[in-house]
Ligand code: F6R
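Below you will find one chain, with nothing else, as structure tokens; this is the form predicted alone, and questions on how it binds or moves follow later.
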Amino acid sequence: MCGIVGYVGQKECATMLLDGLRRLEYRGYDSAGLAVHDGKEVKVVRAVGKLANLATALAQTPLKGSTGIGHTRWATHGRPTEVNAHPHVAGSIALVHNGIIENHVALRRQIEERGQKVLSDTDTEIVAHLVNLHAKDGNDLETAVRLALREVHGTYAIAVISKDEPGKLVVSKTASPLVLGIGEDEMYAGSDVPALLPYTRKMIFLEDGEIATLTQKSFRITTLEGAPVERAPQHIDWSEMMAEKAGFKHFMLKEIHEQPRALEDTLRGRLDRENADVIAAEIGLANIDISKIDRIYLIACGTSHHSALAGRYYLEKLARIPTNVELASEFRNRDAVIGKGDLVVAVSQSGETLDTLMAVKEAKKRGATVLAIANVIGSAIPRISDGALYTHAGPEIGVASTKCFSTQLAALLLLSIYIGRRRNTLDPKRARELVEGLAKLPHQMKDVVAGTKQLVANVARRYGDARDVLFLGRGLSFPIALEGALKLKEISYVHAEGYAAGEMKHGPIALIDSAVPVVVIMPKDSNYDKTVGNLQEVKAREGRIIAIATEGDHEAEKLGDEAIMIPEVEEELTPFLTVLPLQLYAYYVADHKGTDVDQPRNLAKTVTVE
């Protein structure tokens, strides 16, 4: 989710590049920088933190020139430091990059064996070195980029300039967005439309595996293999706010749609599909000896607590290791029995949640080993932990978490598969089913969002005025019931409660009548028959049933007033799909009621105070 801008033309470009980065601030970042060709050489200015810090640095060291690139970095490899900030320079080359290079470790080794010194911890600098090495072999910039990209595996959007070719900008993308802006005697590039809107409305969206070479008066698009691509510019008439949201009405809706991409990025480089396993170094376990772990504590708050509840199912079922789930606020305020032999997994989207941070400090004081699951590299909780498993959801603007929840589920499942294989509690055949299922999941999530959103919007309009809503689920569907209820409460201010369906007779059944919608999460899993029994009990009391069920489930269609279907997947993968209609339902109810979806009252994105 980094921000990229590029310019080639006649004007001094540093101010435009900085302005373009400001228009991409909504994507989130932890450092920023510019590289500008002054006609003789490329000069770079970088800064950690907000763009104000970069502006201050530019005031002290102005950059002059009419060809340049800029970048705001959201760290994925290497902490947020100036040396890790973009642009990266190698020889004559300056380069910025958004994405993840999966084979960066092997490439780094090859580059260092060729006598090149790598200064940063990033995967991006490796690409700059590759381009530079190919340029030193006598290739022009476009050819050098083309050859370098044939060596990398992963996702990227890059923008490259060379000291040896002033007035030229080369860009390329695979699985990360990149847009060209077509002006009068000037060309632009950006990772998103808002960066370019003040300067041109004529834009071209690059497709995967394409390279564009821009000069002041021309642009040329080719495939990685060199075949020419003809594509006419589009006229973009979005407002700047619409552009930030990619045409979606709210950031939350945009982020619900981004979940397949976020999951793909979180899984990338971590699945060993050949051996049906998970790679230890990529999930933060390189320095943690699993054989010495007797018990696991999952510690979290809010939505992260719900992902931890699902994580307990994963760990106990697949790894057969005793697992406790703790609210961080409760754990830190009681005298927990914890110490050596315990692994504390601290789950926090921001990596800064105060209660979780304090719980981790207490656990470490008592001798426990700590693994952090977080979305922000270099944040407080990972820094003090023994290992860190970073999700790659990218920045989440909406206060109500969606894509961070899905990527936390993925992180916990990866952890469970890895431990299960090491403890011989997960046989290779079952592991392969899960690994292959995870690899297919992003596509299935995309289909569920696209295939259910209109139905869910209609259901939300029919039931949106209900004052109370119950969510029921068993097994892995219980945490999803809790999460569905929380989302509805957070953004629509409707009273909603999530319950384990087996507990319905212990109180909640008294609330059910014809005015209370009951959302029953009932995929075809090991708890299905019992959940059908709960659904029938709700039906007998005239409750209005919204069933989240598996495609082809005619019982759910017959008993439910509404039935929203998901594809059949492995039981452990159902939460990734069942949560999507619940997120959409909460969104459309809130939109129907006219509440502030992205910034609901009384809530903050990250709780860093008592």
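In this text the structure is predicted, and so the values were computed from the model without any measurement. Residues carry their position along the shown sequence, with the first being 1.
There is another form of the same protein, the form predicted together with the named molecule; it is not shown, and what comes next is about it.
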Query raised in the report: the named molecule in the predicted complex: within 4.5 Å of a heavy atom of each of T67, S162 and A189?
Result: no
Query raised in the report: With a 4.5 Å heavy atom cut-off, would you call T72 a contact of the named molecule in the predicted complex?
Result: no
Query raised in the report: With the partner left out of view, is V399 within 4.5 angstroms of the named molecule in the predicted complex by any non-hydrogen atom?
Result: yes
Query raised in the report: Quick one: does P260 come within 4.5 Å of the named molecule in the predicted complex, counting heavy atoms only?
Result: no
Query - Non-hydrogen atom contact G302 with the named molecule in the predicted complex at 4.5 angstroms - result: yes
Query raised in the report: Out of the stretches listed (279 to 287, 505 to 513, 94 to 102, 399 to 407), which one is close to the named molecule in the predicted complex, meaning heavy atoms within 4.5 Å?
Result: 399 to 407
Report summary line: Only hit among H392, K487, H129, K173 for heavy atom within 4.5 Å of the named molecule in the predicted complex is K487
Requested in this report: Quick one: from S416, Q349, S492, T124, grab the residue that has a heavy atom within 4.5 Å of the named molecule in the predicted complex.
Outcome: Q349
